[in-house]
Ligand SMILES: Cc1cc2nc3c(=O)[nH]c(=O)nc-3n(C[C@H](O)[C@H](O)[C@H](O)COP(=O)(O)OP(=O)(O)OC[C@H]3O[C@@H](n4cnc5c(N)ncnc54)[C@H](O)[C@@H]3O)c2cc1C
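Below you'll find only one chain, the form predicted alone, shown as structure tokens.
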Amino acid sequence: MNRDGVRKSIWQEEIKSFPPAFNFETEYDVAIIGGGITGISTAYELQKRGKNCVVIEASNVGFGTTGGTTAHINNFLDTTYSEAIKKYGLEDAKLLFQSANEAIGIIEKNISDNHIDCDYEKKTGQLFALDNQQAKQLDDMVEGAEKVGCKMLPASDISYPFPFVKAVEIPGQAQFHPIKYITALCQSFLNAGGTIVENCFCKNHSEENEWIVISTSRGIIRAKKLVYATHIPPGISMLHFTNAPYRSYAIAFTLKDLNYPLEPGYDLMDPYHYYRVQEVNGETLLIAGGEDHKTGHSDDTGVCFTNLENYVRQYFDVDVVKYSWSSQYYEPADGLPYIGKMSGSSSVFTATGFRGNGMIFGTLASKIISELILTGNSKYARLFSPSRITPIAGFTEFVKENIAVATDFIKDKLFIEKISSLTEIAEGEGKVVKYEGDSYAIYKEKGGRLHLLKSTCPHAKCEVRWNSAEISWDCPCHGSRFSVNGKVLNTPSVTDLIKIREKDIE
């Protein structure tokens, strides 16, 4: 497994390991936790500007969401400009649009400066409404986009075989191969004197005088500044109550009629579907994504793949499904990501809440965080500050998400009560079971071998739930994920699930 799920993504075979060349005696200017697009882009930016940086990755570069993205690069965002205008005002909405364009510019400059071959292509996106209600939504999006300067042009036809009501074309979009991109950035980072240490799990950190002391699975690392590029920082903070974890599903398939749409496409369903074409090993594939839901909130995650495939087959002449995978992202309560200094610290930085725009905001984070470290300021710092207070813009969603978390505590206890014995578990199945007053997460391999774990997530004591599609234990409260052996796959938990020997419950 070289990404955080058992299903192979379309990008995965390009994941490479970097040879260890690490001295724990070295003291660093900046330590970056996480080897995805956020961490690698930030490390590269800081290293080329004179800082001595180390990237600490728990598994391998590209293990997390960057290895499971569909890699759309857009200047129109999941939070529409109409929504941004209503919540933050026109000037901040314009700043948001500017930030998306600047992120695209950073990607293009990185590719040019480092001669990166990562299948980068400029595209014109197609956004289409499938019914009258979606058409009204599209009109609202177009109105907001026009106010901030984002071009959305009426389209009478689209490249997709959907019976649409209204559509627009959006120039200035792009796509690339995310693993080829960050792998090349890693090499440039190393060439500039940077350090990458893989298979090194960050347990915690402490601030001691002018140093950040980072405790890892391989030893202590000292740095002046610390960046958590882990999708959401570990520990428990307000960020865990203003971000909700979601999973999204993707499939890549060939078409019998070879009628591949050239433009990336997006509908306005809830959750929406998104599409793009990618060539892999000389073969053209159409990627379709959707079926998003809160992490741990689907009774059968395998059905999500089935639903997505069935929907695609209604409209496309599908030949063979080559890849199917899922990935995780975080929904911020008020619609904008949190990028900058963590509340209560002048030396620890984070970037989270990217919604479905991880390539854009992960790249933008490299600019904001590097500017904050190097100069103490960034023109985007206020808009994306993790310490911002938006009681009007985000309060309703904040309450909804925290009610959901509280409800999960109750539902989990009731869920456990429904299962009374180990005999109800079939081979290849995982369940949370109650046995003599205690609850366990149990997975039965083919052949009958049991993997027994305490079912309580160490992060905030929620009960994990079984993810049948990715063969993992997922926490519905804050998105921590664990393998069948209890090993952490996704933070914010930094502690594995407790293993239980079979004889301990006999």
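Only a predicted model underlies this, so the values are computations on that prediction, with no experimental measurement involved. In this text, residue numbers run from 1 along the sequence as written.
This protein has a second form, the form predicted in complex with this ligand, left out of what is shown; the following refers to that one.
- Proximity of G356 to this ligand in the predicted bound form falls within the 4.5 Å heavy atom cutoff.
- For the chain shown alone, T491 is a contact residue for this ligand in the predicted bound form, at least one non-hydrogen atom being within 4.5 angstroms.
- Not displayed here, this ligand is approached by A229 to within 4.5 Å at the level of heavy atoms in the predicted bound form.
- Although the partner is absent here, Y274 sits close enough that one of its heavy atoms falls within 4.5 Å of this ligand in the predicted bound form.
- In summary, the region of this chain contacting this ligand in the predicted bound form, judged by heavy atoms within 4.5 Å and restricted to 476-484, 453-461, 56-64, 439-447, corresponds to 56-64.
- Between the options Q126, S99, Q328, T301, the residue in contact with this ligand in the predicted bound form by a heavy atom within 4.5 angstroms is Q328.
- Checked against this ligand in the predicted bound form, the candidates F305, F201, Y260, Y323 yield a single residue with a heavy atom inside 4.5 Å, and that residue is F201.
- Residues are counted as partner-facing when one of their heavy atoms sits within 4.5 Å of this ligand in the predicted bound form; in 64-96 these are G64, T65, T66, G68, T69, T70, A71, H72, in sequence order.
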